Structures are given as C-alpha cells and as structure tokens.
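Shown below, as structure tokens, is a lone chain in the form predicted on its own; questions about how it binds or moves come after it.
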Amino acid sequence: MVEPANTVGIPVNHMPQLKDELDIVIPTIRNLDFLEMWRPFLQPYHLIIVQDGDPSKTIAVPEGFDYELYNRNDINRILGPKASCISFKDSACRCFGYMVSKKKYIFTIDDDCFVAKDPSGKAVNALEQHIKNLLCPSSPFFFNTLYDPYREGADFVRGYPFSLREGVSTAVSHGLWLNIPDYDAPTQLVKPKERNTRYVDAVMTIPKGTLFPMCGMNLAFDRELIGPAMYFGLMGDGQPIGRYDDMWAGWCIKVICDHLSLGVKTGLPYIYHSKASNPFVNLKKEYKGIFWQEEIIPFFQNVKLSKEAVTVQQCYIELSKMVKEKLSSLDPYFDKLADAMVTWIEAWDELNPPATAATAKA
C-alpha cells in the first residue's frame, strides 16, 4: 500500500532552478485543489492551465499561484480556423499550452497526480528531478548497464566507447507513477485492484531505434529542442479514438529525436496517481487504437526521415506526409490526423516566429 506524501509544513522554495525558463502546463475540467499539495514545489513557477469542456464553467485556482487560464473560446480566438487541430474533451488539449508558452522548458502534470514519497518517506519534488534529467546529457547510442552514467555515484562501465561518453542533449524527461498504473482498458479490467508500489531509483536513456509508450501525466521537455513535435494528436470528442494522444506524441518525438541525435530519458521522478479512470469508458475510447497500434507501431519503427530534414518542423511535416501515405488505408481518420499535424505546425510557427537577427541581438 502506498500513500501520497504529506507536504504540510514544507516551505515554498523561493529560489528554484529555471524559475524564469519553465512553464507548468495543466489540462483540467475541475477546480485545481490538488495544487495545494504541490505548493512547496510549484508555486514559484508560472502555470498555463488549459480548461477542457464547457468554457462557461469557472475553474478555481488556489491563491498564490501565478497562472494564465485558457478555455475553448480562447483557443478559437487565438488560433481561428487552425483551432481545429486542438482536441476537445481530451487531455490532448494540453498541447495548446505548449504552443502559447514562451519558455524554454515545459513540465506537464494531470490534476489527479499528487506528490509521491520515496522509500525513506521523503516527499518527491518531481519537477526538480525532471530539471536534473533535462540539464544533463543522454546516451542513446550505446546502453550503459548502470543506467544513467551522469548521475552522482554512477559512471560509464568498462567497454563503453569513450567517443560516445560526451552524450547528446536531453529533449524529454518521462516520469513514472506510484499507486494507479498507466494501464489500457483490458488490463484495467483483468487487474482492477493492482497498484504499483515499486519505487525504482533509476533513470535511463531510451536507446536509439526503440519506441516507448509515453504517458503525459508526468512529463517534462525542452520546448526549444522538441516542442513543435510534442503534438498530442487529434483525439477525443468527434474523433474515433481517445487515450492515444500522449502515445502518438511519444512515437513522433522519439523518431525525430533519433533522427536529430537528441535524448529521451525515463524513470525518476515518480508522482502519486490518485484515481483510476473507468475501464469501460476507456475501452470505448481506445478500442480502435488497440487494433490500430499493431500497424501504427511498425510504421514508426520503419520511419526514415531525409537528411534534408534538419529542424523539428521539417521532420514533422515529412512525418505527416508519411502518415497520410502509409496509414490512411488503415482508416480515413489518419488522413484527417495528417492534415491536423500540418495545421499544428502552421499554428505553432505563427505563434512562435523564428527569431530574426535583430530580435536575437535584443
């Protein structure tokens, strides 16, 4: 049995790392009371809250937090016709927050995620660990059997090529969860009482050429390195699939990170996932994805981006063309998704124009 940490009495850290370089993005349909538990760690940072569902509903945010809140009306106003690329009634709406942020780093968390405890009982500052992961290199080209060789107390093992020990920049830090596992609906149905109680004190770089099922509830990334590819797809209301938003983004960013020689880390930090969603509702959302993934994953495993694709945007546009060419025969939805990927990039570039020499100098 695992329980969330008690953070009462922990002082707010008023000198946190990357305070002016990081935004916290939260998708929600409810009041954000869960932030009280996170106050010691998250209060100093700027929050971008993306309200899903009914835009007339008022979302309450605890006092003392610096935030901006966007609802569907705001998304339509800011993006105009391109707002169609942002999912409705799905946590994929969070990627609008990635688009409007002006910071270098993003940490995104769900509103049913609480502070976890490490095996000693200490409250885990998940954001602090994500920052550590993002600020140290990754080693995707040769696996180190002591996992992350850049952590204190670890190093490269005998036989690790010295030419690869400098590593590459880390673009994504993927955290894990205690209590409610991130299971699909069939697994939820056969293991309704299963809880994750294992806290593994490890971080590893996911090797080049290896895909992974990315979970968006405890995730951080370098927005400047990989932000335009962190699109959670077209999911939810009006679409034939849901609950594959973060995984779609994970498959896309991984093949692009491999192509651009960027790293993806997984492992620490843990959060406490407080509630399980209804497996029957989940099954309705994801049943097509369960079949489709058997062809989608081999598609991504065989993606080869051109040497001319040297930016994330160029990679993503190439990938969208491949989705249209290779996956549209699976279902017409993928033709629509490919178009949404292009719209997403167009909207991203409109809100985030490349810096000119004059603005860069300023």
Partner chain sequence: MSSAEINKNEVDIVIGALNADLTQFLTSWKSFFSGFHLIVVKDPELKEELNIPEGFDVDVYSKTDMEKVVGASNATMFSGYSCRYFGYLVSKKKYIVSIDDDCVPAKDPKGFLVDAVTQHVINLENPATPLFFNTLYDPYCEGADFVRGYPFSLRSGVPCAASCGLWLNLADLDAPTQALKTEQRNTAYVDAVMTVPAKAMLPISGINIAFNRELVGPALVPALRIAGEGKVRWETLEDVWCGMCLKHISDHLGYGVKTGLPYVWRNERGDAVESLRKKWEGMKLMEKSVPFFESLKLPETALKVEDCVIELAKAVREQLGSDDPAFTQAADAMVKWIQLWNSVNSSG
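Numbering follows the first chain given and starts at 1. Quick caveat: nothing in here was measured; it's all calculated off a predicted structure.
Separately, the form predicted together with its partner chain exists; it is not shown, and the next lines address it.
Looking at its partner chain in the predicted complex, residues Leu146, Ala154 and Trp251 each place a heavy atom within 4.5 Å of it. Residue heavy atoms within 4.5 Å of its partner chain in the predicted complex occur in exactly one stretch of 29 to 37, 307 to 315, 291 to 299, 325 to 333, and that stretch is 291 to 299. Of the heavy atoms in Arg195, some are within 4.5 Å of its partner chain in the predicted complex. Its partner chain is not drawn, but in the predicted complex it has a heavy atom within 4.5 Å of Gly267.
The closest heavy atom approach of His174 to its partner chain in the predicted complex falls within 4.5 Å. By the criterion of a heavy atom within 4.5 Å, Phe88 is excluded from the residues contacting its partner chain in the predicted complex. Put simply, of Ser274, Ser261, Thr210, Asn76 only one has a heavy atom within 4.5 Å of its partner chain in the predicted complex, and it is Thr210. For the options Val115, Leu225, Met204, Val168, the one in contact with its partner chain in the predicted complex, meaning a heavy atom within 4.5 Å, is Met204. In the predicted complex, His174, Leu176, Trp177, Pro181, Asp182, Tyr183, Asp184, Pro186, Thr187 are the residues of 171 to 187 with at least one heavy atom within 4.5 Å of its partner chain, listed from first to last.
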